[in-house]
Ligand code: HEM
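Below, in structure tokens: the form predicted on its own, a single chain.
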Amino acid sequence: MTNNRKIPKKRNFLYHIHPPSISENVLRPTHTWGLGGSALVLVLMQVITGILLLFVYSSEMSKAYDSIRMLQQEVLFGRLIRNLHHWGANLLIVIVFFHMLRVFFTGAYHNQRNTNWWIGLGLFLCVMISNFTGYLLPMDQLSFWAITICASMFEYIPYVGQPVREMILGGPDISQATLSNFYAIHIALVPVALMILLPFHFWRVRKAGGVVEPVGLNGKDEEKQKKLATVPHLVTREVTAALVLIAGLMIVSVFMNAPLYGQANPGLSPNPTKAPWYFSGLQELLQHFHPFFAVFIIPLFLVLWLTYLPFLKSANSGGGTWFLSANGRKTGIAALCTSLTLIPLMIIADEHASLFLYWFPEISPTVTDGVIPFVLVLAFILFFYGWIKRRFTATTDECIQAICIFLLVTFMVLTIAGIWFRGSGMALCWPWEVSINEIATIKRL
């Protein structure tokens, strides 16, 4: 049923970021899940709590850890502010990540929206850099050795790896120069980049006509429903979602404290030494592939693929429909099940038989040896693409989506394995054994 009632046009600042009226289809919670607005709320909370932390934090290497301890023990609501900042930063990565998945799986990155996809990649990079640089600031054992592990990965990038590593750290090892660099990037460079990219991002959404509207499974527009005024229908939902998000984060911050281990000690490394959780998938790759492929080639392929996505011609250029079509859902489920079954088995097999990293147990792996498993992985992906196309009579869009789901779930499995299934010496173990080991490590540190 179509409602031809005209929406009155009024002067309102909100109309710079939202159209005056919006389709009832777009207001469905399951269409966007409010992820874009949630990310903006979290960014604002990070700015506010970050400014409050600056009143206490000292960026001198000898005082950084003590300033965090004083913040938690002596400053009124200091622990709560740090908890909000810490958990908000981690949640921001998750929200932005799922927001990008929502854009991808609804096809909202084609035509006039392709520029916004690249801006979104830039925003995600800013969020990752902000979390990475902020991770070191407490200068405890957890942050010191996690950054040490991540910095060492740069060494495997040919030609420029070592100079880039020393430029980031300000020298060969973590020092006062490192802390100063990370501090400046965290409180100055990244916020400035966000202040530039965020308004541009929302402006591009507004210029494209707002959030992409759903289309039917047959590729045609769904039956047009009545238009509703942005104020109050959309704004009320956005404010409600923001308040629920803030309340949830506040509850988590009240009952869960941000971790703080013993003061950083370069002479005493934890066992195991793990990267931050959002780099655990990359660290897990190092257990199975030669570092040149795990740290350089595979991430490079991923970055190039994400950058090239908007250039792919799509029959679903209108976007708006989750997983393209009913057949797209089937191919997606097939990719999901394949990854959830195959990857854990391969991790276990590689742990005991060294299927990927060591082809000959008596020979240390070299870059040349690493080519073989990498080529086999690419061959499997091509085989899987062909199988999906034949088995489900899938379109090119549906096959590409299935491959992306397979790779996405694979990376998630690797991340989960790195976080919860790697114990002492990075050996596979059960999650409760990892917890017991971490408790013992905290007591020792």
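All residue numbers refer to positions in the sequence shown, first residue = 1. Note that the structure is a prediction, hence the values are computed from the model and not measured.
Omitted from view is the form predicted in complex with protoporphyrin IX containing FE, to which the following refers.
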Problem - Listed range touching protoporphyrin IX containing FE, judged in the predicted bound form by heavy atoms within 4.5 Å, from 84 to 92, 288 to 296, 326 to 334, 264 to 272 - result: 84 to 92
Exercise for the section: Assess the spot marked by Met153, Leu282 and Val303: is protoporphyrin IX containing FE within 4.5 Å of a heavy atom from every one of these residues in the predicted bound form? Expected result: no
Problem - Single option in Val211, Ile149, Leu228, Leu245 placed near protoporphyrin IX containing FE in the predicted bound form, where near means a heavy atom within 4.5 Å - result: Val211
Fill in the blank from the handout: Note: exactly one of Val103, Ala241, Ile347, Ala193 sits with a heavy atom within 4.5 Å of protoporphyrin IX containing FE in the predicted bound form, namely Val103
Handout entry: 4.5 Å heavy atom contact, Met70 to protoporphyrin IX containing FE in the predicted bound form
Key = no
Practice task
Examine Leu249 and determine whether its closest non-hydrogen atom to protoporphyrin IX containing FE in the predicted bound form is within 4.5 angstroms.
Solution key: no
Exercise for the section: Indicate whether Tyr57 is a 4.5 Å heavy atom neighbour of protoporphyrin IX containing FE in the predicted bound form. Expected result: yes
Problem - Any non-hydrogen atom of Val96 within 4.5 angstroms of protoporphyrin IX containing FE in the predicted bound form - result: yes
Completion exercise
Applying a 4.5 angstroms cut-off on non-hydrogen atoms, the residues of 192 to 210 near protoporphyrin IX containing FE in the predicted bound form are Leu194, Leu198, His201, Phe202, Val205, Gly210
